[in-house]
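A lone chain, given as structure tokens: the form predicted on its own.
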């Protein structure tokens, strides 16, 4: 049973803790957060007694851990990632991998050299409805995929500790923190595009809304992501996939959320498999479902128990998705299409 330390106990750290509590093959034995009093209060709300440490070094000196789960502001990912690897610990790190492509490559190189297992929290690869679309594309039941449009929209985030999400120097803005989910899924489903053409809006939080066309030779792909809606607007993730003989559409606010329409005009809910992970009880963040988070962390724990390196949401895949998203930001800033190497 691998022991886990969660580093950073805000919205996402609490989500991960609730997932680990449901996975038999893991145990959270420590939390690291420099806001000790707040972390202890939040743990008490979850009715959990777990020791809290002010620093990673202090925790490592006392606790025997196998996995370090990093849920810190993005700017802190690189130093903490490298410290965890240097300590010989397996690492699960929230997305995005880093703020710069150079740091992404640096982390990937260090992880490869160390031999520890690493997985990045690009959870949409594991989200049930997106997994269903992936399976449907591969089945070719409606022929080949002709076009794919993805959306991820949210009210201005107000739940991050110290409001770090709204500081572009810490989060990278909506493009890098929110929209990167869809960019990563495009990579997962179709591979790396040849180029990107983007436009968007920019404010004090960085690129707060971005619209991108991904250049592929045989399929039209676009994605939109932004958090510059009013704070109480809510949250929506959605996609529309059009095939030669049908269409699949998803809307997180729908009931059912996933629909299949065939060329004969028949429209019906599309089945998918979701884990019985339930909802987050913290009330924070823009999404309460634990499903995709459960799937990704359960996959990582399984890899460690089997002593097999992760093959989905790897550090090198996350570095590629980061580089593409940064190219989108460059395209939006310059008004030019950016070719990907």
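Residue numbers count along the first chain shown, from 1. Keep in mind that what you see is a predicted model, and the values were worked out from it rather than measured.
Another form exists, predicted in complex with a small molecule; not displayed. Remarks below refer to it.
Student: Identify whether the small molecule in the model of the complex is within 4.5 Å of every residue in the set 71, 80 and 160, based on non-hydrogen atoms.
Tutor: Each of the three qualifies.
Student: Thinking of the small molecule in the model of the complex, which stretch from 87-95, 262-270, 203-211, 242-250 has heavy atoms inside 4.5 Å of it?
Tutor: Heavy-atom contact with the partner occurs in 87-95.
Student: With the small molecule left out of view, choose which of 164, 216, 229, 136 has a non-hydrogen atom within 4.5 angstroms of it in the model of the complex.
Tutor: In short, 164.
Student: Within a 4.5 Å heavy atom cut-off, is residue 123 in contact with the small molecule in the model of the complex?
Tutor: Residue 123: yes, in contact with the small molecule in the model of the complex.
Student: Just checking whether residue 308 would be counted as a contact of the small molecule in the model of the complex - the rule being heavy atoms within 4.5 angstroms.
Tutor: Close contact is absent here: in the model of the complex, residue 308 is far from the small molecule, nothing within 4.5 Å, heavy atoms only.
Student: May I ask you to state whether residue 177 is within 4.5 Å of the small molecule in the model of the complex, using heavy atom distances?
Tutor: Yes, contact at 4.5 Å.
Student: With heavy atoms only and a cut-off of 4.5 Å, decide whether residue 35 touches the small molecule in the model of the complex.
Tutor: Because a heavy atom of residue 35 falls inside 4.5 Å of the small molecule in the model of the complex, the answer is yes.
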